[in-house]
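Okay, here we've got a single chain as structure tokens, the form predicted alone, with questions on binding and movement later.
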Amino acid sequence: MSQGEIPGRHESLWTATTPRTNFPALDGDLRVDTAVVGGGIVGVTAALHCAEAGREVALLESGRIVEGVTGKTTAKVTAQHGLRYADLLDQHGRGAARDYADANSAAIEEVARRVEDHDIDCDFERLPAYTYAADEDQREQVEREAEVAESLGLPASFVEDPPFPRDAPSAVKFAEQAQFHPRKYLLDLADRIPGERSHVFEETKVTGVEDGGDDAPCEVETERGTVTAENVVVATHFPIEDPAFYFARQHPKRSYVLAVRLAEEPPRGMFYRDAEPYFSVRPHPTDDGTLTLIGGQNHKTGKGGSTAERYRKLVEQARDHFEVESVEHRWSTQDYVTADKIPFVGELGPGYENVYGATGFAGWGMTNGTAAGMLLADLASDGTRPWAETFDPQRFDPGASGAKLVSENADAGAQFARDWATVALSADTDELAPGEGEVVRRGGKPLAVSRDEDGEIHAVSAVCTHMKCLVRWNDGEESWDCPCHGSRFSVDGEVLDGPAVEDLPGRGG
């Protein structure tokens, strides 16, 4: 592999092996019981649960459903999220740790039940999950994780000789976890929502959500009409409204995935190294053999250097462990990590009585997202779940999150100051090669300039529309990423990821 070459088709395996959806766009005003904003695993799960409870539902997606973060996962359906439970016990107590375990275990069984009841052909398979020790120094931590997880009722055990990798000194094993094809699963669920005055709308961008409180219904403003509803579920990965200052209470991270074909059978199970450099392995069956999904190279969005180099390093890691015949696909994804390591699921924030949201799954969205969808549907239907208090977005435990909040926000503030102080006064953008981008100053304004693969120059403002930080070029995805809070934009300035909701103006305007 040459220095400039990155192998593999630059598209998620899940989107490449399923057809695009074609639900209609909203056409005018509409009234329903519950409006759900966002068509990923949280939104689809919540909307279907609401419809099954007899509520009239409108699911609103700005693009096409299940093509965002949910369509770019490694698709592990597991309650094992690295070495998570000992930390939860130490920071939050046994009750919260058990709630987290119960919520994610319930999510696994929810997926398994729907696959069986609806006979969904989505490559669902029960497999053990392993988090293995990076070295002997981590052995004690892994052993305690197994003890804590087992005490919480999880199917956990400590194993001395895990099946992968060969030199791993130990691992914590969770039996009877699962994996699947997320789009095949969720597209089947989405097809079950329309009917009985319930709807799925695509190409319908929501521009605002207003909570009417006790005296009036909620209003969801879109570019194609207004949806009036008793309550609203905001399932947009990062909430499009931010009354609880989510941008300051979590940080964004990016990670990378390869789908590779091996000259050998992949190890039986799902494997994860919870130490830098993070590393993930799991098999995926296909019609012409088994692919192996290799994940890792996590870093904070907008930081960590060349993202193209992250792909190259991941290829090298794969070849260190396996005889790789080919890299079939490559893709990346983004998620948010809360300061206290528990997702935010519930009332969106102060002043919002009938609007609910979910965010902060830390890369474990298949179970956290399913559990969130179940809980949000219950809240919209005047119900609840036993773990609702633990996931409440308005919680605050300074002992568990205070120091992390201070350090993350100090880092964002320092980043803002550094970038504004060091932006180039001038640069010869004529020398940009295809696939390159640079922030320069033109007429006193920072400009984000890039050249696409066809040689065309694109120029937009380099000032993030969220909180005025300067964006950085992401050479692996050819996007502009904000290093302060994780907003991402296309070369033409279109929002790809929040918390920003407004596009970058063209040519610095």
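Every value quoted in this text rests on a predicted model; they were computed, and no experiment measured them. So that there is no doubt, residue numbering starts at 1 and follows the sequence shown.
One more form of this protein exists, namely the form predicted in complex with a small molecule; it is left out here, but the text below deals with it.
Enquirer: With the small molecule left out of view, choose which of Thr204, Asn231, Thr307, Ser170 has a non-hydrogen atom within 4.5 angstroms of it in the model of the complex.
Expert: For this set of options, the contacting one is Thr204.
Enquirer: If you check Ala377, Ile342, Ala235, Ala149 against the small molecule in the model of the complex, which one has a heavy atom within 4.5 Å?
Expert: Of the listed residues, the single hit is Ala235.
Enquirer: Counting any heavy atom within 4.5 Å as contact, can you tell me which stretch out of 75-83, 284-292, 116-124, 192-200 lines the small molecule in the model of the complex?
Expert: Flagged stretch: 75-83.
Enquirer: Check Leu26 for me: does it contact the small molecule in the model of the complex (non-hydrogen atoms, 4.5 angstroms)?
Expert: No, Leu26 stays farther than 4.5 Å from the small molecule in the model of the complex.
Enquirer: Under a 4.5 Å heavy atom criterion, is Gly40 part of the interface with the small molecule in the model of the complex?
Expert: Yes, Gly40 is a contact residue.
Enquirer: Is it the case that Gly68, even though its partner is missing from this view, gets within 4.5 Å of the small molecule in the model of the complex, heavy atoms only?
Expert: Yes, contact at 4.5 Å.
Enquirer: Within a 4.5 Å heavy atom cut-off, is Asp99 in contact with the small molecule in the model of the complex?
Expert: No, no contact at 4.5 Å.
Enquirer: All three of Asp87, Glu145 and Phe279 touching the small molecule in the model of the complex at 4.5 Å, heavy atom to heavy atom?
Expert: No, none of Asp87, Glu145 and Phe279 comes within 4.5 Å of the small molecule in the model of the complex.
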